[in-house]
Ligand SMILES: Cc1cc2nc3c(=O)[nH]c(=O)nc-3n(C[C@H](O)[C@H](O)[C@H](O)COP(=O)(O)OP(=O)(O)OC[C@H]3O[C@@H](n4cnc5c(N)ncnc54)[C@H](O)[C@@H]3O)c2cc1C
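This document opens with one chain alone, in structure tokens, the form predicted alone.
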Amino acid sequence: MSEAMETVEAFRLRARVWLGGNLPRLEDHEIRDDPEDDADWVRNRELQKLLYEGGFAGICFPREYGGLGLAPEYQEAFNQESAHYEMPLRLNIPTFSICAPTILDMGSEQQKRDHIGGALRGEEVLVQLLSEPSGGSDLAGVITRAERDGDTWVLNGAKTWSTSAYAADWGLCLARTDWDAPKHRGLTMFLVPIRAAGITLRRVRMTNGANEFCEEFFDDVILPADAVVGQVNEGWAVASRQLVHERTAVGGGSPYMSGRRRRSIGVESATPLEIARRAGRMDDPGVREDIGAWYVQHRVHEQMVARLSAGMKSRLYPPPAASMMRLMHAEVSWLTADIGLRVGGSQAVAYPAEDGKEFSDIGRGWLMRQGGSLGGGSTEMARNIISERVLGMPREYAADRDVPFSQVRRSGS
């Protein structure tokens, strides 16, 4: 039987055997889990190469670009089997769940073969270069510019909040190429090599001490004509598709993510139930009530992701329905952080040097609670998208709609 005809269960059994013989089990090895550790990124690339060589990389990506061309059910089976093994989880967001699917949908044949294939082989890490220091949540209002110079483009401007850009090889960068067109119509998406001459990258220190986010400055960066993804001045179509993949990934519904986020290795990803057990508070009625509330919302979120993913695949729901997953993810993130802090109690915010170390990341994690309101666009934007593009309600008024971007008033202009 060919792999294309292989049943999900047969695939599962084959994956189980391969995993047992090729990847370390989590309980048998000290696993790095630090996004700021360069060695961790090197290890993730090595693991990805192992998956590729073993025939288990890119399960849902087409065969012609290095994947297996199988349905999401096969990826889910592999995720279940690999839950107890070391996996290249760093590469899931944004490389595999956002950037590679965007290139698959909107890129040229050469871009698909080069960058999807490169990522699946563990040779490339891809990131998003979208948000700008002056833009807030108005992605279409970017002022990073690309100007044509013969057969090349010259890129100037700045981007920020680029997750893990310091560890990446390529970025999907949205830039303005026509200032006389309305803001959504004068944009172009480019594939930019992160180490190109003229790019200055700085890491941003967050309130919890992490510096995984980056800001980038472009000074006369030269890009070839084939760096354009999609069509010139039609970059908003590419960005819109990219945002669908981002919201799907943030919401937990991407079929392209391989492996499952670990829950029991680091307290920062522990459930309220696990925290309560460690804190010795399982007999506290209030704690049990909190855990019940979290569990119900967590299960509702899982069911919503499954329903929307199936509905979007069958076209029962339009692509903007991904914002519903993104919105629910934020709600669950808030509740998880709040309950984790309550259950952890004083140990979560003030703990002795030697005792209670297992609670040290709960308080720091809570400091990033609002991140769930911003990733994949703000929660307010998600509600607008759901109301306008899913429920068909009237669009919100925008003073700059259909106005040439050169005439739009901007801060400092």
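Just so it is clear, the structure is predicted and the values come from calculations on it, not from any experiment. Numbers for residues come from their place in the sequence shown, where the first is 1.
What follows is about the form predicted together with the named molecule, which we do not show.
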Taking the named molecule in the predicted complex as the reference, which of M189, A119, L129, I103 has a non-hydrogen atom within 4.5 Å?
L129
Of S333, T160, Q111, N156, which one comes within 4.5 Å of the named molecule in the predicted complex, counting heavy atoms only?
T160
Do heavy atoms from each of F11, G69 and G259 fall within 4.5 Å of the named molecule in the predicted complex?
no
The named molecule contact in the predicted complex: D402, any heavy atom under 4.5 Å:
no
Is S387 near the named molecule? Define near as a heavy atom within 4.5 Å, in the predicted complex.
no
Are any of the heavy atoms in S378 no more than 4.5 Å from a heavy atom of the named molecule in the predicted complex?
yes
So, P319 and the named molecule: in the predicted complex, are they within 4.5 Å at any heavy atom pair?
no
Candidate stretches 233 to 241, 301 to 309, 121 to 129, 148 to 156, one within 4.5 Å of the named molecule in the predicted complex by heavy atom
121 to 129
